[in-house]
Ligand SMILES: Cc1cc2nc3c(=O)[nH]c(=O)nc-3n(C[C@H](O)[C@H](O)[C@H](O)COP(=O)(O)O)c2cc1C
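Only one chain comes next, encoded as structure tokens, the form predicted alone.
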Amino acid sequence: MKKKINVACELLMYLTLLAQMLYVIVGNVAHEILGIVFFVSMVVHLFIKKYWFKAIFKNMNKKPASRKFADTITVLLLIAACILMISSMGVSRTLFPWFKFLMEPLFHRYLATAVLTLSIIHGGMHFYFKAKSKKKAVILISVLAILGIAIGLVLVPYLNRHLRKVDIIMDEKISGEKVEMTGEKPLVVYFTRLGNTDFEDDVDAVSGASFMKSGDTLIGNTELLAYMVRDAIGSEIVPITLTGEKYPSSYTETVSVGGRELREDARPGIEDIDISGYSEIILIYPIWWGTVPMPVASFLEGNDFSGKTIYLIATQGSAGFGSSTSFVKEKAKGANVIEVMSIYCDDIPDSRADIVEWLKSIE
């Protein structure tokens, strides 16, 4: 019976781990539930195999190299799986939203890739010990391990980009509960690729990767958030708009240009934004290379923020606020800079309720 349960646990671990890698298909809630199933199966598997803990350090000098390698892989897999469990709670947006450690989705994906690859090698070593042709077994294990790496580093990003849901009904997403503000309404300033990019005629929301689509209309991610704030409190919203060369249509090329601007500490030319009549600014921006895009830096250095409060809302696919908060504090001298929320890209269309709750706290 123990053997059957152990085989079932091993099979369940492989299946749930693979299903979790297909996050964009199964959805966030199922992804988190599958994660719990994976770790429960792992605990049961370890309990059944508890004798291994005693045997691993026994007669180390007498073990053949293949057995030492298998034990090393098992130890690495156990360590990686334990860190993955903590990371899973850190990136959880449904079951463990209160857990604030290791909140790095990109690190989580790399770690999951490592666990999948180590699991493949771990399982493959059982086959190796029974195989008649050790050379063929090594080749098979190597091919499957490379496939595991490819799934995590190539297939998953591809699916996340090309199967990501980008179609929304804009009015439904931005309209809702109103917040009556007794004092001065803050100015909303946002930066988005939309309006700052030389898009090709056939560009769509998927290839753009920084915006969504409502009917035939493209909407920038941060632009949508700005509209949510405006609908809730009636604030004026102002985009940060480039006056010179715009970003390329290709998302990948834009990433490269953004990285070069950061390295060169560039300050792209932007249209003037008058903030003199406001004591509070809501700044909405995407995380580029772990910080604000350089046009946002141009806005920060081109205005006097002395005595003003800047509320930060960042959109991201992996990095939380990154180093953007410290960057804003450095460039907007004299301002009181407050982190509001860092919104994961998939959650942007459904963020209005969270924004409203925050707005209520400052009304």
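Residue positions are given as counts along the sequence shown, with the first one as 1. None of the values given here were measured: they were computed from a predicted structure.
We do not show the form predicted in complex with the ligand, though everything after this point is about it.
Novice: Among 152 to 160, 181 to 189, 116 to 124, 248 to 256, which stretch sits within 4.5 Å of the ligand in the predicted bound form, heavy atoms only?
Specialist: One stretch meets the cut-off, namely 248 to 256.
Novice: Between the options M89, I287, M170, I237, which residue brings a heavy atom to within 4.5 Å of the ligand in the predicted bound form?
Specialist: Result of the distance check: I287.
Novice: Only one of N28, S41, T309, Q316 has a non-hydrogen atom within 4.5 angstroms of the ligand in the predicted bound form; which is it?
Specialist: Spelling it out, the residue with a heavy atom inside the cut-off is Q316.
Novice: Using a 4.5 angstroms cut-off on non-hydrogen atoms, would G148 count as touching the ligand in the predicted bound form?
Specialist: No, no contact at 4.5 Å.
Novice: Can C345 be called a contact residue for the ligand in the predicted bound form at 4.5 Å between heavy atoms?
Specialist: Yes, C345 is a contact residue.
Novice: For 219 to 253: residues with a non-hydrogen atom within 4.5 angstroms of the ligand in the predicted bound form?
Specialist: Contacts from 219 to 253: G220, N221, T222, Y251.
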